[in-house]
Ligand SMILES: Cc1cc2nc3c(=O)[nH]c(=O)nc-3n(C[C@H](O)[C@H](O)[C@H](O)COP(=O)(O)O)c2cc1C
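First, one chain by itself: the form predicted alone, in structure tokens.
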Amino acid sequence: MESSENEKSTLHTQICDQLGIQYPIFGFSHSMEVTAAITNAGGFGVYGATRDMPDAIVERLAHIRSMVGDRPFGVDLLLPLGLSNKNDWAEAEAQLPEGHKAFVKYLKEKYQVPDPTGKSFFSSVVRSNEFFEAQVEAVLKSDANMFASAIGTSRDIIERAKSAGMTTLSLIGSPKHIKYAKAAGIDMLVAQGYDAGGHTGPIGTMSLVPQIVDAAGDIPVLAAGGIADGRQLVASLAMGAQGVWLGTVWLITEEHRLSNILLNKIFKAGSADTIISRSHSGKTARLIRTAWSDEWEAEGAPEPLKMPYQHVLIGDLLTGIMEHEVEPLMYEAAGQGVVWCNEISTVQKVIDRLINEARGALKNLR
């Protein structure tokens, strides 16, 4: 009994009491259902609203609240530093090099990608300060408990989120980012290592987390990057983190309802089947390797453009690929923890597995 209580207390960190959650497991997802399920299973769900129009953000956060009651959840937005002020598609499109447009046309013809029947985020929105501000306003109208963002979000926005009663969190990939987070008054940090899916930096998780913990002082730190097993939860706590932040593992849940084509690619992928590529957004992002990334890595292919121009370049093509499920070119952001994502599960079962594996790891340590 004493052993069980010790395991329970070890896995219940200070951040659990601070935020009112059972387990120090934070889950990022673009799915409202997954976000709510993580929260309802005792973790902390964080909805990725980066690809949503402001009006949709208001509606979707209200829907998540209806599913979780008074349990806490968060919302994540992304705006890297150095982007333009205006959401002007025509202006951005006019700056695309002819050689890059010819390459996109070549891909469309080679893989016989049909035209999309409508617009998507990728084919209609330029990442810009103007669009981000509209998204922030939508988030602040909600009663979400946490506002998460990339490093570089202004102190003014952070203070507005705090005034709205939200805990503020920033994802960082290098110790040099600590000073920006402290200057902005961030409440929590996610140390996201190179192993992570999506946009990621150059330092591995095991090397990054202790450095961020040491530099963060009193700011709580979560570990992220390739984490999909309970043993990694225990290792993260041992390195001084107060919890873990996971993304890839939720893709294979019933609640996410990912397409079967992408599910099969995830099930077959090992850690070495992910690749760092700028082909998605113009910034380094870890994706499952497919014909898409291979084409952009091939000899003679142009270098991907900087954000936000890469999205403007590929927006219509990517929308057509996903809408019409052009299998060779379909891809998904995924971390190196994808190796543990090999069958359909539920959010509850994933969290139960993580906790049971963590308890097993603690027993092995003793």
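These numbers were taken from a predicted model, which means no experiment stands behind them. All residue numbers refer to positions in the sequence shown, first residue = 1.
The form predicted together with the ligand exists for this protein as well; it is not shown, and the discussion that follows is about that form.
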Self-check item: Contacting member of Leu78, Leu263, Val125, Ala216, with respect to the ligand in the predicted complex [4.5 Å, heavy atom]
Solution: Leu78
Quiz item: Of Ala333, Met67, Val326, Val339, which residue is found within 4.5 angstroms of the ligand in the predicted complex when only non-hydrogen atoms are counted?
Solution: Ala333
Quiz item: Is Phe147 a contact residue for the ligand in the predicted complex, using a 4.5 Å heavy atom cut-off?
Solution: no
Quiz prompt | 4.5 Å heavy atom contact, Ile212 and the ligand in the predicted complex | solution = no
Self-check item: Gly197 within 4.5 Å of the ligand in the predicted complex, heavy atoms
Solution: yes
Quiz item: Would Ala241 sit within 4.5 Å of the ligand in the predicted complex, counting heavy atoms only?
Solution: no
Quiz item: Among Thr39, Phe73 and Pro220, does every residue place a heavy atom within 4.5 Å of the ligand in the predicted complex?
Solution: no
Exercise. Go through 247-255, 102-110, 116-124, 152-160 and give me the stretch that gets within 4.5 Å of the ligand in the predicted complex, heavy atoms only.
Key: 247-255
Exercise. Residue by residue through 122-161, tell me which have a non-hydrogen atom within 4.5 angstroms of the ligand in the predicted complex.
Key: none
